[in-house]
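A single chain, nothing else alongside it, follows as structure tokens in the form predicted on its own.
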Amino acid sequence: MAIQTRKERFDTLAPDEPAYRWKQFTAALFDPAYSCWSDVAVLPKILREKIQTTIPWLCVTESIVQQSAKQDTFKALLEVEDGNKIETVLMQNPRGAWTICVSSQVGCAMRCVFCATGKMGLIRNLTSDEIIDQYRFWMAFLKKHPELPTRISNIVFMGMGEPMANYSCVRDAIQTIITHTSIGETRITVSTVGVLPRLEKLLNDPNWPHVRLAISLHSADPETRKRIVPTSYDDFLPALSDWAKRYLKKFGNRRHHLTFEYVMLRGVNDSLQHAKALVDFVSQIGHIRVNLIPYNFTDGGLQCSTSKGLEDFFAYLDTHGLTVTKRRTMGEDIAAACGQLYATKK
């Protein structure tokens, strides 16, 4: 089933409308004063009536919203038009606002061993509208809950799917959000396992918004990485190193850094030898931030590194000059943490 975008439906519905009507239409989607098409007084009444029966105000429908025991994380199961389902997460951040984690695909083809979404396989790409409406869903959710902080300050593309495998829709969604909200480029992070042809493309794509990028590295040893990320290959690491140097030369600055993500798996990638390999790999590239991610259970026979193992790994990177952080785990009790998102039609 091909999913028509809002733009395609609008052009079919109102082919003779002036160009500024589409701009008014799009701006209305982000106006907190509106909750349905009949509210949008800036559009002619006859056009509103046509839109009301043809173009949904939201193209995602709430199935379930769960709240973590700590009350700092919400997870929503949303149904899209063809009956498929996706998950998206709302998390409190240290700035007293919210970060949302959005999905870019239904399922994922990358098959990373620590990730529940990879067990779904790839069902289809999300449209830019379906990506945007995850943000709009949470805005509407917060409006209904005045007891909660109202501001969404950050967006991370770390939900279901590989964003670089849905390049154009992710790019268009980010552009639209930046245009119509107060969220700037450096408050948006796109996480990827490293689809190098698409990473090469964005280096010279004038329409790519230069948001922050996070590469899911998980090991600087090629054999270990292929075990964790089955779509990796022998020459991936040197190719990534070459790309990262060119990326940092072109775009790197204090606020626009590159991050390597590293999920900590006991007995898989958390030894001293793996730490040394990571230091060697990162040091020859330049200024990279390494983000260590405690593994979250996904019923895959894996275990998180011990607290001591994680701290020792962190300390080794730190003492050898790497900029290293440890991700705060949120929402694990509702399967909303990194790698735990999973949804089916039923």
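One-based numbering along the sequence shown. For clarity, every value in this text was computed on a predicted model and none was experimentally measured.
Separately, the form predicted together with a small molecule exists; it is not shown, and the next lines address it.
The partner is not drawn, yet in the predicted bound form one stretch among 233 to 241, 86 to 94, 132 to 140, 114 to 122 has residues with heavy atoms inside 4.5 Å of the small molecule: 114 to 122. Remark: M158 counts among the residues lining the small molecule in the predicted bound form, judged by a heavy atom distance of 4.5 Å or less. Proximity of Y295 to the small molecule in the predicted bound form falls within the 4.5 Å heavy atom cutoff. Taking the partner from elsewhere, D221 is found to have every heavy atom lying beyond 4.5 Å of the small molecule in the predicted bound form. Put simply, L213 is far from the small molecule in the predicted bound form: not one heavy atom of it is within 4.5 Å. Screening T73, N166, T192, N269 for any heavy atom within 4.5 Å of the small molecule in the predicted bound form leaves a single hit, T192.
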